[in-house]
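Okay, here we've got a single chain as structure tokens, the form predicted alone, with questions on binding and movement later.
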Amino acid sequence: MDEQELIRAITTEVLRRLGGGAAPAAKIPVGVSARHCHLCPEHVTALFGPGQELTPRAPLYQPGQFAAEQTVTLVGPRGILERVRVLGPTRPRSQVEVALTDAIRLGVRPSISDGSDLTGTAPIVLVGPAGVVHLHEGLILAWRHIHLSPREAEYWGVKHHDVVRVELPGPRGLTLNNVLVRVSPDFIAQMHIDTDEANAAGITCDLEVEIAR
């Protein structure tokens, strides 16, 4: 047993003796995020009509999050992307997350962002069945990241906004540097990468990983 495994074993035993219930998982599941958008209530109305609300289609891994029945079309200077899924619930500000391949198809150059500050991010046009929304900023390449609860973060020895390294195993395995850690009581352990990153490593959503030391 190496030093890090010993630390985890000690942490697990301490949590058990404190009555913390089952210890955090020793592996973190990977979620592959396809292009999608988050909408504010005002833009839900503009795109889908007065009185319309997001209709849950399927729950997502993170508690309270869902894929909605609604989709939009993204329009860029050089192309369009149809049937882009809206995720719920609504947020205070709308944002659109794409992979770099999507951005090339649209003819846009979005910056990498964790979504916490959309100032200066790329513009995009959203088209729905009831109207059009011109986002002057809000199109991003999502910073690859790991969701953790505070207890899980303690187990892994990391804190909110740490940047870590993750090894993706397999025949086309990759080392992902600059993986952002996001910690909240509302989260459960899951790593998010986009479709370009997943395809490069030849992986699907059934993969589990560890934070590299």
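What you see is a predicted model; the values in this text were computed from it and never measured. Counting begins at 1, following the sequence as shown.
Note that the form predicted together with another copy of the chain isn't included here; everything after this is about it.
Peer 1: Is residue 127 one of the residues lying within 4.5 Å of another copy of the chain in the predicted complex, judged by heavy atom distances?
Peer 2: No.
Peer 1: For residue 101, is any heavy atom within 4.5 Å of another copy of the chain in the predicted complex, or not?
Peer 2: Looking in the predicted complex, residue contacts with another copy of the chain include residue 101, since a heavy atom lies within 4.5 Å.
Peer 1: Answer with yes or no whether residue 85 is in contact with another copy of the chain in the predicted complex, where contact means some heavy atom within 4.5 Å.
Peer 2: Taking the distances in the predicted complex, the answer for residue 85 is no, it never comes within 4.5 Å of another copy of the chain.
Peer 1: Answer with yes or no whether residue 51 is in contact with another copy of the chain in the predicted complex, where contact means some heavy atom within 4.5 Å.
Peer 2: No, no contact at 4.5 Å.
Peer 1: Let me test this: is every residue among 105, 171 and 196 within 4.5 Å of another copy of the chain in the predicted complex, going by heavy atom positions?
Peer 2: Verified in the predicted complex; spot residues all in contact, yes.
Peer 1: Just to confirm, with a 4.5 Å cut-off on non-hydrogen atoms, which of 178, 55, 62, 149 contacts another copy of the chain in the predicted complex?
Peer 2: The residue in contact is 178.
Peer 1: From the list 135, 142, 118, 75, which entry has a heavy atom within 4.5 Å of another copy of the chain in the predicted complex?
Peer 2: That would be 142.
Peer 1: Determine which one of 64-72, 181-189, 40-48, 163-171 lies within 4.5 Å of another copy of the chain in the predicted complex, judging by heavy atom distances; exactly one does.
Peer 2: That would be stretch 163-171.
Peer 1: Does anything in 40-57 come within 4.5 Å of another copy of the chain in the predicted complex by heavy atoms, and if so which residues, in order?
Peer 2: If the 4.5 Å heavy-atom criterion is applied to another copy of the chain in the predicted complex, 40-57 yields nothing.
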